Every structure is written in structure tokens, then in C-alpha cells.
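Quick heads-up: it's one chain on its own, the form predicted alone, in C-alpha cells.
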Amino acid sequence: MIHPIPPGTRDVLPDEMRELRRLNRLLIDVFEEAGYGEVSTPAIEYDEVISRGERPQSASHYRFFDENGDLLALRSDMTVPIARLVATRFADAPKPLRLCYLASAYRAVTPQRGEMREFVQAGIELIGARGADGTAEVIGVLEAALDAAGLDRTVIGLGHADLYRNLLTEFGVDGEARDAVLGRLATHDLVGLEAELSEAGIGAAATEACVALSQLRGGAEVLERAREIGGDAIERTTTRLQRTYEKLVESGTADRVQIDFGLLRDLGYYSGAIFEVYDPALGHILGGGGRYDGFLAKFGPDLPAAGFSLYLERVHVAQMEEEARRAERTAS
């Protein structure tokens, strides 16, 4: 008799489990060597806590009632629980705090798209470090983790969470129209993006500028190309991205970073520099992160913060692909 499991979940058998355990230890070792202490939080939180990290129109977590009628939720990522942890357990601790984790998370997604309902994240959170220095530190740890996993071809796309919010405000687009445009950007749907912008009535020139901006990616040279498009929102963003990129160059961690003006993450708490990890062996991102300054104020003290998470299963697949590629090169 066949007993199915829910779509978007999977069984892990011994050989793969051993490989995943090795990868777990490897990543945690990298994080701890960088000064990040490992923490663990409950998989179940109050729904009100988890909901603070999502846009109201894009809630994607599983919710249920307990025996007392309280609404609970399975965590959909680790940043929100750690924000709650910092406010309740580290309120008086010296800052900055450096925390890391390796934990399962759960999202109500559409499995037909290849997304997982249950997945494992490994990542860090840097709490209390401001600006480009903090962002550069987080990206440096991310690069060290990718190097340790043998993923030397990965690219880190660097963008800014506030760019399109501010740009659409300049164009007079708000409410549902703005959310629709941001949704198209988050899924990299350029055809849908152009259609939503046209429907918003911002005019052909503004639509063309926005679409052109979303396709700008490369090294420091794209900052000047973005400035040529014009506008206060673009000028502010390019100035901030240039500051971050210069700090990465200074710290020697800019080699695999690509500035990407089309990048927009779909979590609601990001407020500054954002980034995603791409590997040529996969069609999915391996992970991402960014700054979420202002978010911790929802739980307690208003502390600057930044972090990243990697999808462990995707990193493992990319790792196997890279090992196979290297074996083929050696054999030939």
C-alpha cells in the first residue's frame, strides 16, 4: 500500500541525510568562526508574532488554534522569531549581537511551482550594527559559507528594498496598483511588470524607465547608468548602493557581488540593502537576505539589523552539481 506525503514535503534517506549533516556542521562552523552563536527557537509561535514579518496581502504561514483558542502559527522563516528572541532574552545584552541558526521553516506555497512547504534554513542575524559596515560583514560571512560548501561560481545579487517603493511614490502609484507592480518585480515577471505599469497610468516614458531600470545589473558601472535614468528615488538608492559596494571592495568581498536594480525580495520587513544568491547549476535562488532596520521596533528597542538565510536542500543540490562538474573536468 502506498501512503503519500503532502506535496511540497519529502522524505530524506540515509545517504542524503549523512551528506546534509556534514553540510550542517560545515555551515555552523563557518558561522561560529565568524563570531556568531547558534540559537534555537520554537517551530510554533503566536500568529500575531509571525504576522509582523509579512505584508498583510501576502501572508504565507500555516495557522491553527490551540486547546485554549489562541491562534498559533508555524514559523515561515527565522528572522521574525529571532527578532522576538532578541527583544525578550537579549534586551540588555551588549550590542551588536551575532546569532546564527539552522532550523526548519514552513510556508503555505504552491508546490506545483517546485517550492517546498517544509525546508531547512541556515543563516545569521547581525543585530545592532549600522549601515554599510554591517551589510559588508554579513555578505562576507555569506561568501565564506559558500566557499566552504565548494560553490565558487555563485553570484550575489545586490539591490535595495526601498527603490521601487519610493520610485512608485514619485510616479503617484499607490494602494493595490503599487502592490501589483511590486509583486511582478518580486517574481521577475517583466511582461507582467510592463502591463501593470501601463495600467497604473504613469505614462509611456515612466513605464519605459522603470522597466529599463529593472534590467540593470553588473558592476559599479551600472550605478552611473541608473543615475542617467534620473529621479530622486534612483539618486538616493544609487548613493546608498555605491557606499555599500565600496565597503565590499574595501573588505575584499566584492568579487562575486553583482549590483542588480531588478532585485526585490517578497518579505515585508526589508528596508535597505538586499541580496540573493544565484548558482548556475540551479534554476532557484540558494538564499538571500538584507537589512531590516526598523523591524525590531515592533518587538522592543529599535535596533539596526541585517542577516541572510540559505536554503539547505538547494545548497546541497548545487554542491553535488559542482562536485560532478569538477569530477568531469578532472576525468577529461
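The shown structure was predicted, so the numbers you read here are calculated from the model rather than taken from an experiment. Note that residue numbering begins at 1 and tracks the sequence as displayed.
Below: the form predicted together with a further copy of the same chain, not depicted.
No residue of the trio Ala226, Ile234 and Arg240 has any heavy atom within 4.5 Å of a further copy of the same chain in the predicted complex. Heavy atoms within 4.5 Å of a further copy of the same chain in the predicted complex are found in exactly one of 157-165, 182-190, 95-103, 247-255, that being 95-103. Shown without its partner, this chain lists Thr88, Ser198, Thr169, Gln215 as candidates; in the predicted complex, only Thr88 has a non-hydrogen atom within 4.5 angstroms of a further copy of the same chain. Of the listed positions (Asp293, Glu276, Glu54, Glu45), a single one reaches within 4.5 angstroms of a further copy of the same chain by any non-hydrogen atom in the predicted complex, namely Glu45.
At the 4.5 Å threshold, heavy atoms of Ala324 stay clear of a further copy of the same chain in the predicted complex, well away from it. In the predicted complex, a further copy of the same chain lies farther than 4.5 Å from every heavy atom of Ile285. Contact annotation: Met320 falls outside 4.5 Å of a further copy of the same chain in the predicted complex, judged by heavy atom distances. Although the partner is absent here, Thr41 lies within 4.5 Å of a further copy of the same chain in the predicted complex, judged by heavy atoms. Contacts of stretch 153-192 with a further copy of the same chain in the predicted complex, defined by any heavy atom lying within 4.5 Å, are made by none of its residues.
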